Each structure stands twice: as C-alpha cells, then as structure tokens.
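The chain below stands alone and is given as structure tokens, in the form predicted on its own.
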Amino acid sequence: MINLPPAFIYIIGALLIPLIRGRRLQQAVALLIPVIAMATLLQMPQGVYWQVQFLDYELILGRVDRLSLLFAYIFVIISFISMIYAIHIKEMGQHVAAYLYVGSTLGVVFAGDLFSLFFFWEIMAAASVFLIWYNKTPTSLMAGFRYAMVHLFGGAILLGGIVMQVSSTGSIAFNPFDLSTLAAKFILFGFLINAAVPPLHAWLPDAYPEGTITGSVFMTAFTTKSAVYVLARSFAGTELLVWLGAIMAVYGVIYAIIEKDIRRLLSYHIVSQVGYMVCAVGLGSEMALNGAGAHAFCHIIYKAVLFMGMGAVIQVTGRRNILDLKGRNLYRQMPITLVLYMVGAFSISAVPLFNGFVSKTMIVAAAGYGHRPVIELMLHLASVGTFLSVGLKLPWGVWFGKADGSEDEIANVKEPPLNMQIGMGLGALLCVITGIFPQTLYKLLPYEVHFHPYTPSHVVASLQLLLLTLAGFCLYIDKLMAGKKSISLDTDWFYRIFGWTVLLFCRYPLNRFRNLVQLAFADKIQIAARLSKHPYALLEIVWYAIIGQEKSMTELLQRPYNEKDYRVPIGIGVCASLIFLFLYALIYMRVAG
C-alpha cells in the first residue's frame, strides 16, 4: 500500500506524465495510476488519516468510511475506463487535466475539514475547464469561460459560508450543518451550483457538449456526483432537497425530449438523474441514502457509456445533431457502438437486469415508504421521459430514422478505434453485472440493504411504464423527430444577456466617455510631459518678464531636450548641499563642544 492519499496519487501522476519520454510509456503510466489508486483504496481501513497541522487548525485529508469509499471506488473505476477510452489521444495536456480533475475530486471525497474541501473543490473546477477548452473551437472557448465564471461564483459563495461557519463555531470540521444558520445556507448554495440544481444548472448543458470527445466523458462523472456526496455528508434529510431533486428529475427530462443536439440531450439527462440522487438525499432514510449512493454509482457508469457512444458517433461522422444523422442507417457501419450504447440506454431507463433498474427502483421505493406520493409520481414521470428520449428517440434518430430524400452521404463511417470500443465494453459489462447481481453493489453501500428490486410488483410496474412509453413513441414518432436546429432557451439566457449588456455598455457609452476624457485632457497631458523635460521653463518665463523680454511658454517647451543643460544645475545643487552639511556640522560641533 502506498501511504499517500489517493488524491495525490492522481495529482502527482498527472504532473509526471508530461515528463516521461516515449508515448507507450506515457500510456502505460496513465493506465497504471488508477490501478495503484484502487490498490490503495482496497487496503484502506475505515478511520481518519493524513492529519496535517495548518496554523491553529488540523486538516484531515483522509476521512475513510463506507460513504467516502463508495464514491472513491466508482471514481477510480470510471477514471480507468475513461482513460482506456481516451488513451489514443496524443495531446498529453488532456490527460493531465483529466487526472488533476479526478485527483481533486478524490480530495473532496476524503476531506474531513472545510479548508481541505474548499481547496480540492476549486482545483476540481480549474482542472475540468481545460477539458472544455481543449476542444479549441470558438463555442467551446466561450462555454468554458462561462463554466469557469459560474464555478468561481459558486466557489466564492461556498468560501463565504465556510468563513462564517468557522468564525461562528471555531471549528473547521466537515460534518452535518444546521440549515437555520446563514453559514449553512451559503454552503448549501455553493453545493447546489455544482449539483446543477435548477435554476443553477444551465452551466452543465452549456459546457459538457462543448468539451472534447474524451473530456466530456470524464466530466459526466465527477462534478455533479461529488456534489451529491457532499450533500449526503452534510445535508441528509433536508426537506428542501426532496422537492428540488424531484423538480430536477422532471425538468431535465422535459428539455431532453425537445433537444436535438445529441450530447446536449444527454447533458440534460445528467440534470434529471442527479435529481433522483438529490431527492434521495433529501428523503434522508437509510434506504434513500443507499439509493442515492447506488444511483450515483450506476449513473456514473451508464452515463459514461452513453457519452462514449455519442462521442464515437461524433468522432467518425463529425456531426452532433440528430437532424444531421437520421436516415443514414449508421447501424450498418457502427453495430458494436449501437449495441453498447443501448446497454447504457436500458440502464438509464431502468429496464430490468440493467443497473439503473436496481438503483432507481430503490429511490422510488424509498419515496413510497416515506408516504410521498407526489414525489413518487414525479420520479415515475421522469423515468418515462428518460426511456422516451434516451432509449428510443436518440438511438432511432442517430442510427436509424426515416429518410426524406435530403440526406447527404457521410464518408468513411466505421467503428471507432479499438480502445474506445474496449472502454465502452467495460462500462457496459459493469452495467449488466451490477444489474443482474445487485449484491455486488449492495456490499459497498453505506447501510445494510434489505431491498429486493426483482419482486414481481417492481418488475411488472417497470415493464408497464416501458411498454406504454414505447407505444407512445410509435404513435408520435414523426412529431418527436420533427423540428429544426435551434438552441433551447434555458436559465443561462439571463446571465448571457447580462454579459452582453455589460459588454455593450463597455463598448459604447463607457468607451465614448473614455474618448471624451482623453480629448479633454490630451493637450494638458502633452504640456505636462514637455514641462517635465524643461522644468526651468516656468522660472525662465518669470525671468524674461523681469528683464522685459517677450517669450512664450510654447516657444520654451518646443526647444529640444539637452541633458547637458541640467548637469551643471544638478552639480551646483549637490555641491551646495555638501557645503550646507559641512557648515552645519561645524556649527553643531562648535555649539556642542
């Protein structure tokens, strides 16, 4: 076992990768880092480790319990699978950014104090933005800038809450908060921004579709799920989260149904699926918290598979909109990608024998056991919309679809590179294993599990919803697939408009004011500059007035600068000063003596 926090295994590894000579060796090290981290995790007993004294506070870099281990396991697993998917990338900077992102997320997971939490929280935001900027398109640059601004704002709010919490309690411990305090409200607000809770969610569907093909796969796993972890750690049982989570689940699905950009559609589904987890955290029972952890575990895997599948399509076709892909029968050229994508789609849609069925059913059942019929209904509706958009509309539009005669030919379409297929295959395999054998997942959950997903009532109810959704899709398929390319108006409209307003204000009225000030003072500044070259000009004007000669200031200032004119006066000044000091010393000694 390496006696090093798992976060630092990734961070140090990320910094070493560019220093290694030879691409094969770099790839080997990139794949070895998650293996070392997992070996470390498997040997970490529960407890508190790596305590560091900082000023008068004790930082804790290793608070290890079942909750932190659950999230750490899945973060390391998905980092390994994602790196296999991305290993063909020659630009090592992408791997560095990805592993700094993973390492900082593990730092958040094991942080036992608020200072460490905030430190890794900010590194997480800073590292992830490069996974967007590495796409190197104008839209990705702008999206990355907005992403950075939103997370800087969220970090500032979180820091304000931490400062208030520490100043009022004197403790930096990261434990459950009392929501009645202002500090806790600030901290919760900071967490909710990273969890992408509406209306604070718009950064997610804005930024994730603009990341690199492989970078977006990493991004789907860490930011929102680390936010779910900190909410489960510090705000479990908060009633507000129950409703926010249920609204998230429905809100994300509605936008996904109308969206045509394939990665933007999946991004809205992250909002929806994280809604299940936030809702479960709010319910607060042991079963609900188990459901939140299980759903985070399953969602990280199947969402990665979905993004990998759509990333493969974008890589080989260069297109990302359903309207540009439908009717081309890509299933003939990319059957393996289609099959693996459908495993992810069945998982997110809670089809029995796939892992989403296990975790999602647990959360819905927890809402039922808690006598929350409205919440239960909202989660069921979200599940219907999920199957409709991800399990039916998206694969139909991308791999099949009706041709209307306007389709152009996409040249050289084939399966993606082997490593991308292996990454997708490993993710899909985990979806099936944890779906068929849920006990493998139950062993990792924070509390003992007494829930059985494969009861007749759960299976029949799920199949009824799926079949009804399929029937509805067949009836309204033309309307669902119709439409034009457009941008869905969301809450990011407000800060985009605010940004444009500020830009226009700077560009026109403020710039005009600057020009007026510049014109008004330009002559005076020039005179001051010339006067600095001829400091005697003012005295000369007085002297010429005394002796009766007419000289203008302009005439005196226009003379060329001659440094020799100033050497003699300076020398005289220095000499006079020395004489003065000499005389002063003589007088002083005379008086003193």
Partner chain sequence: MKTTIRRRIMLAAILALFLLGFLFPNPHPHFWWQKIPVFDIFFGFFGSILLIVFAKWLGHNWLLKDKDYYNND
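Residue numbers count along the first chain shown, from 1. Just so we're clear, the structure is a prediction, and the values are computed from it rather than from any experiment.
There is another form of this protein, the form predicted in complex with the partner chain, and it is not shown here; the text below is about that form.
Of the residues V384, M342, V432, I87, just one reaches the partner chain in the predicted bound form with a heavy atom at 4.5 Å or closer; this is V384. Proximity to the partner chain in the predicted bound form, defined as a heavy atom within 4.5 Å, holds among L475, M149, V163, L519 only for L475. Heavy atoms of A196 never reach within 4.5 Å of the partner chain in the predicted bound form, leaving it off the interface. Contact between P176 and the partner chain in the predicted bound form is not found at the 4.5 Å heavy atom cutoff. In the predicted bound form, the partner chain lies within 4.5 Å of some heavy atom of W493. Taking the partner from the other structure, the partner chain in the predicted bound form has no heavy atom within 4.5 Å of any heavy atom of A411. The stretch among 343-351, 235-243, 462-470, 399-407 whose residues place heavy atoms within 4.5 Å of the partner chain in the predicted bound form is 462-470. Using a 4.5 angstroms heavy atom cutoff to the partner chain in the predicted bound form, none of Y134, G170 and I314 count as contacting. Within 4.5 angstroms of the partner chain in the predicted bound form, the stretch 497-511 places a non-hydrogen atom from each of I497, W500, taken in sequence order.
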